[in-house]
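Next up: a single chain in structure tokens, the form predicted alone.
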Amino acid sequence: MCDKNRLPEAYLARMELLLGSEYGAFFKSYGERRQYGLRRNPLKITEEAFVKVMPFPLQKISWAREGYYYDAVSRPGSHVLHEAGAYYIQEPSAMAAVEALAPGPGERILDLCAAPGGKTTQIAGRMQGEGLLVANEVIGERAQILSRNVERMGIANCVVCSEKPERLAALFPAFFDRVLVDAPCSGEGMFRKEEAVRREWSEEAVRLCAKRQAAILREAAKLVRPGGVLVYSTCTFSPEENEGTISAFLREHETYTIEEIPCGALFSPGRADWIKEETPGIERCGRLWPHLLQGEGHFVARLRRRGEAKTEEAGSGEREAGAEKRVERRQGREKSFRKERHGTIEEAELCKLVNAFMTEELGIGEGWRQKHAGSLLRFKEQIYLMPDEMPPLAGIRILRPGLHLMTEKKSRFEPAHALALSLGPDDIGKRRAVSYAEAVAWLRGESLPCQEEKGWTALFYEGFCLGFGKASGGQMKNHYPKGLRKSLENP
């Protein structure tokens, strides 16, 4: 709930003018309990198995395939399954933007304003490890949070960077099939959730946000290939930042048109009467209102760049054809990682060593390799698996150039935590199942007693990998990263 008396008076006056007869219901929603949501991680678990393993009640979100409501008393952020990447906690209406984007396997996709990672991880789930996902966040500290969430969810085909949109537009013109711009905004849809957002709101902030959004969209437009999709979203209600921003964008970019939103029938249409310009199709935008559905509120617009005819039906056919080609490539190539594309003989030798370590010391099977195509990239002592589709990284501030596989230490390797989180129980032979109490102790950084295990072992709770340990002398030494360790409650 939100103290309605602490809402900005100028904001309430604006909303009353805009909503008219609906204003009473809208204002009343601030006195009601806010909704809490989470998303199943399809990279790690099926829907049927997820419902069975979850320890608290869930209710489906109608517009999000993997989304569920939960009760705040459940505290899913304090459960072992959260740390294992089984789900991502996300405000329900925020899930609508990726539904509008409709990503699929094998595509090149950019999340331009990606932190903290809710929409990036939702996109990754739909891509199923196929294709290239670039997640960008210009603010360094927020990019670090984004990178950690990408790791926790076990995403292998994602490159995390921290660049200004204009820099990416110059490096990747017309490169991406789909681009998401979840733009920085005045956050009016966050008022029930965060008091700081309410305090910082002003009409001047709305105008500044609209100006910044226009600049970001201008660069985003250059990144979409002909026939590709650009989705714009905000968590605010102001027309200046929503219909107004889209209308101004379309006046500058005649190659773009507004499309219907998948699941759009569940949402309120864009308000043509709230902007002065006549913009064909503005009603096809979607508005999620807190007094009309169970969510805090969002705005979504789906735009198509003209070019080669790319209907959604044609897109599905392309995905199937692309999948067949990827299978052919995998079946025909040598069953090992390729060296980094600009590598030397030394790098080729590294590939042999990496393969031997993963096979012989970790027990990772060929099935995992078949699911994770890419090229090895060595950055100092760190070794990554970089997605095949990624062009040269020179000149880009990169936080995560792909999946972190291991660290090279003199004549030996240590497996990375990110590698562990990408594993399912069928991917690795050297594994051990643990109880909830053991999992809680492990996340605190404690070692566990062991008997038969020797060497590196992956620890699993309910089919989710928690990380690597190294067994020796009757103890499973804990290699859970110190910066991620935390104390959780026993059930």
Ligand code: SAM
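Keep in mind it's a predicted model, so treat the numbers as computed, not measured. Start at 1 and count along the sequence shown; that's the residue number.
Below, we turn to the form predicted together with S-adenosylmethionine, even though it does not appear here.
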Quick one: from M406, C113, M358, C161, grab the residue that has a heavy atom within 4.5 Å of S-adenosylmethionine in the predicted bound form. C113
Contact residue in the predicted bound form, from P165, G131, P239, P103 (heavy atom within 4.5 Å of S-adenosylmethionine): P165
Candidate stretches 409 to 417, 191 to 199, 393 to 401, 135 to 143 - the one whose heavy atoms come within 4.5 Å of S-adenosylmethionine in the predicted bound form: 135 to 143
Spell out, yes or no, whether the shortest heavy atom distance between A183 and S-adenosylmethionine in the predicted bound form is within 4.5 Å. yes
Does S-adenosylmethionine come within 4.5 Å of any heavy atom of I216 in the predicted bound form? yes
Quick one: does G118 come within 4.5 Å of S-adenosylmethionine in the predicted bound form, counting heavy atoms only? yes
Could you confirm whether R212 comes within 4.5 Å of S-adenosylmethionine in the predicted bound form, counting heavy atoms only? yes
